[in-house]
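Only one chain comes next, encoded as structure tokens, the form predicted on its own.
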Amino acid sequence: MSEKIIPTREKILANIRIQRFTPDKDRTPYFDNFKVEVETGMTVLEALRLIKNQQDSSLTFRAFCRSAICGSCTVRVNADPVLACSTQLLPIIKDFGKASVTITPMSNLPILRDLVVDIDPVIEKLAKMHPYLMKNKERIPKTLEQESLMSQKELTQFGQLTDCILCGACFSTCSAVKVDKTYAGPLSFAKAYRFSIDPRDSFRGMRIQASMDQGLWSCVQCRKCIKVCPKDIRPADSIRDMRRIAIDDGIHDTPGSRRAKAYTDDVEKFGQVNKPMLPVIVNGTKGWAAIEAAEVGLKKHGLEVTRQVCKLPGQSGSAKVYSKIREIEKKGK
């Protein structure tokens, strides 16, 4: 008989530092400290409930399902967006190396009270993407007696994206959202891509245009959204793929698509990006101002100015890779 495994249970008296703020009462956010005995298995949400029930009934936070499904309980713990209901506190405390954690509301959204934020800006941006199926008459039957059949290959293209619970963790950590309030945010683009590649949908062109209008090419691919997503949706990949289908559908005359084409053409030709001339390639004659400003800066520091780009060693290898890709693409068509 195998020996029974008894799990080790730990307890740590921790300091839970929580941001508080009531807009019509407080001038600025402040922090309250609460002592909580954190034990193995205790989640962030359990700690918040314990504090509310035993120490301060005025503490306000949002939570519903407690099953990592509704996405309503997102907060930041030590600056990282997490689902409070499924994130255990003890590992965070041990990794942090101090018996203390800081809990704050999601960033990039207005605070309603304490840890509760207004998610209307996210919903408004998402709504502009038409995140629902617009019936493709060629794929959806006319009567309910028939099924809308789909191959496994078609489903695989977007199946993982259907797991998005709109928790807003990616929106909270997005640097582009922070600097540009008109930027749609990772989850909106992920949803737009999910429906744009669904063969039952007929609204792809308009949805791509809506994505372009809300900053599709403004994403810098920092990948923060991938790191914090509790469902492994990988929104940055969806943004990249949304750009790809936009180009595939013939939308070439935008700064973003011109940049993407310049990158691929330059790497094939030189083995590197032709950075000296990139501003003009992307922005037309308006790009000359950026080139001239860069040259002035180089001359100021005694550096040689050139608008030529040399071929890097191994360029012939990259050219062969591009040739093979084109061959594969041609066969695919």
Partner chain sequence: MLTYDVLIVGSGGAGLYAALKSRIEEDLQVAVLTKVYPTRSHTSAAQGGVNAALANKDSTDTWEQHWFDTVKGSDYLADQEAAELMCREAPEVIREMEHWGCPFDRTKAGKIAQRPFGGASKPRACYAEDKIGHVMLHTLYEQGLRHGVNYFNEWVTLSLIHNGQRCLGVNALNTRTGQLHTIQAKAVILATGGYGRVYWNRTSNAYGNTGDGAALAYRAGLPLKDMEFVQFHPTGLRRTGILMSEGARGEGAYLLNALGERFMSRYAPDKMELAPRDLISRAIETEVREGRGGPDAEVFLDLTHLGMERILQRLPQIRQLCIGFEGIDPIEEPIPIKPTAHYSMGGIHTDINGLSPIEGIYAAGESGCVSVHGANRLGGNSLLDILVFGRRAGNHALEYARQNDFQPMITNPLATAEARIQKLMDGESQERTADIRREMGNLMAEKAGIYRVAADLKQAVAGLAELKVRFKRLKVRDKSKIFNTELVAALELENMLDVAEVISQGALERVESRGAHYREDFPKRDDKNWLKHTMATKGSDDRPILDFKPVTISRFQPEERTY
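Positions refer to the first chain, counted from 1. Just so it is clear, the structure is predicted and the values come from calculations on it, not from any experiment.
Missing here is the form predicted in complex with its partner chain; even so, the following discussion is about that form.
So which of 214 to 222, 234 to 242, 70 to 78, 174 to 182 is the stretch with heavy atoms within 4.5 Å of its partner chain in the predicted complex? Among the candidates, contact is made by 70 to 78.
Identify which of 206, 247, 99, 149 has a heavy atom within 4.5 Å of its partner chain in the predicted complex; exactly one of them does. The option sitting close enough to the partner is 149.
Tell me, out of 229, 192, 85, 103, which residue has a non-hydrogen atom within 4.5 angstroms of its partner chain in the predicted complex. Exactly one listed residue reaches within 4.5 Å, namely 85.
Taking the shortest heavy atom distance, is residue 157 within 4.5 Å of its partner chain in the predicted complex? No, no contact at 4.5 Å.
Should residue 307 be counted as a contact of its partner chain in the predicted complex, where contact means heavy atoms within 4.5 Å? Taking the distances in the predicted complex, the answer for residue 307 is no, it never comes within 4.5 Å of its partner chain.
Hey, in the predicted complex, is residue 65 touching its partner chain, heavy atoms inside 4.5 Å? Close contact exists here: in the predicted complex, residue 65 approaches its partner chain to within 4.5 Å, heavy atoms only.
Answer for residue 28 alone: is it within 4.5 Å of its partner chain in the predicted complex, judged on heavy atom distances? Outside the cut-off, so no.
Residues within stretch 109 to 128 having a non-hydrogen atom within 4.5 Å of its partner chain in the predicted complex: The stretch touches the partner through 112, 113, 116, 118, 119, 120, 123, 127.
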